[in-house]
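Consider the single chain below, provided in structure tokens and representing the form predicted alone.
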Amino acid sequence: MLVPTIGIEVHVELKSNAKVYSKAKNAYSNEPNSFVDIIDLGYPGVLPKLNEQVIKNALKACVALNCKINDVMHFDRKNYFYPDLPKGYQITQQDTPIGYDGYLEIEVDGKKKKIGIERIHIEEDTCKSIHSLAGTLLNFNRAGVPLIEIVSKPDIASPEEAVAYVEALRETLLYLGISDVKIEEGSMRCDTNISLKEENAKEFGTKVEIKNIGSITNVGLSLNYEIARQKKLIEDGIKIVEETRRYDDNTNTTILMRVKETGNDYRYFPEPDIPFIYLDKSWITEVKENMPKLPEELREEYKVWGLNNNNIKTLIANAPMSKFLDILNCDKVISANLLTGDILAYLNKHKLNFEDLELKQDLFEELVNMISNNEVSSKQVKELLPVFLEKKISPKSIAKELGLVQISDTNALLDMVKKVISDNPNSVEDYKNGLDRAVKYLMGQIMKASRGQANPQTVSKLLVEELDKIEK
């Protein structure tokens, strides 16, 4: 039986104020060539200067992905000629990557597996080529943007594992705060390598590379197609050749870009303009001791808090919301239900991100405590919440203004219950005859009499108690 062997290379744009080797701003702009420096343009005689923040961010990735760290490293020139590379070479790390021999744990169908990380190295991005009828234009805003390339070991055995790996990697880097990791916008780019071999064969099959994968979903789709394509060729007796293909999401197929007749010779040699880098052990220790909570740790913490699986999944997928929940000093389950329920629905309706709400911790905690103390019902919360999110003032003051303060006084509610029972003898008779609809009807009458302000749990308890007395 033929089985796939898959490896994945992921390029991740790092957050920093400046680019990796120049002082040009590291930021997205719709205006071409607005963030450019003479170093990015490849002017003769200019010297690169390494950005310290880039090293720190790469270190965080190494720690999170359980890598060994090269505390003495140098940069290399990768020589090749292409219009988007003005210098004629790319400054990267070949012989001494900042991190190596790590792993990332994934879970597929309830089974956990460690995917090995071969290496993590720092390098610069190239220009963006814009192809038009007038010719190929270059946007230098992207030139020199700091990247880390994360190269997995060939440990991935299925498209499902590949998708889980990329998703886990994206989550980890997002929670580290070192990248936006928006694969659809190019701040995280993914290439896969896949070969097929007989299940018990020791040697790998011929490797095919797939580029131009624009979403995590397409990682799985492209690999599924490529597995089927290669199997058909092998079954037909056609030899697989080493080649690079691109994924076409319009046809869900891979298309030949080029055949690799010979290996690439990039003529690597040490970058002479950047000295060797010596990472102080105390700095590495400081990075390790100040790591943020990562998704796997949060999942376990959420389970301890009693959150359900759907809420956990939703929260992990929304890092700003998850971080907000983490700092709250109130009921975590009610908070999670509110965040992933009514608040998320509000965000989707108004096409907002969580950060756009600018929620104040103390006011949100006040609202959660109101719910916890039965001062407002779930129905009242739905009415109160949009006003709270727009005005950003005390939810208690909003509740009073809208007449949404819940009645929880037992004596006051008991009077209402007795009056409704007295006014509805037919429903009381229905209850005696075992008809469930009687309780629902009487509950509705009590809520109507209280203008929706009666505590439903308390009312339900008092109503049944009073009806049972009559029955006896």
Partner chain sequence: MTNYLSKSVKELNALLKSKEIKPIDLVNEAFSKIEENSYNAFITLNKEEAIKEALELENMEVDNLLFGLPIAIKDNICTKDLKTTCASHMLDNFDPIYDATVIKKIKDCHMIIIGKTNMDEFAMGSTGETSYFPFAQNPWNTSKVPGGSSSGSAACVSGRLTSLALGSDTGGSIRQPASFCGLVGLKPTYGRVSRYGLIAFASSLDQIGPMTTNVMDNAILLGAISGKDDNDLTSSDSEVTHFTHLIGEDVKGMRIAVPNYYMSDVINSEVRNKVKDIISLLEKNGCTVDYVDVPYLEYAIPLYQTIALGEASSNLARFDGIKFGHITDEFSNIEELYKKSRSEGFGAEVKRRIMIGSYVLSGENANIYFRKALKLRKEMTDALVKVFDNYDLIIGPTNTNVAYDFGLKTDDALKCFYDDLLTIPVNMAGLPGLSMPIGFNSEKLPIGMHIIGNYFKEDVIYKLASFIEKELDLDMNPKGGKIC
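Residue numbers count along the first chain shown, from 1. Quick caveat, the model's predicted, so the values are computed rather than measured.
Quick note: we don't show the form predicted in complex with the partner chain, though the next part is all about it.
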| item | value |
| --- | --- |
| Joint contact, V10, V151 and Y225 to the partner chain in the model of the complex, by non-hydrogen atom at 4.5 Å | no |
| Contact segment among 353-361, 235-243, 288-296, 82-90, judged by heavy atoms lying within 4.5 Å of the partner chain in the model of the complex | 82-90 |
| Single option in E199, D265, E203, D109 placed near the partner chain in the model of the complex, where near means a heavy atom within 4.5 Å | D265 |
| Heavy atom within 4.5 Å of the partner chain in the model of the complex - residue from W283, F269, W305, Y103 | F269 |
| F388, heavy atom within 4.5 angstroms of the partner chain in the model of the complex | no |
| L41, heavy atom within 4.5 angstroms of the partner chain in the model of the complex | yes |
| Non-hydrogen atom contact F140 with the partner chain in the model of the complex at 4.5 angstroms | yes |
| Heavy atom of I334 within 4.5 Å of the partner chain in the model of the complex | no |
| Any residue of 24-55 that, in the model of the complex, places a heavy atom within 4.5 Å of the partner chain | I38, L41, G42, Y43, P44, G45, V46, L47, P48, K49, L50 |
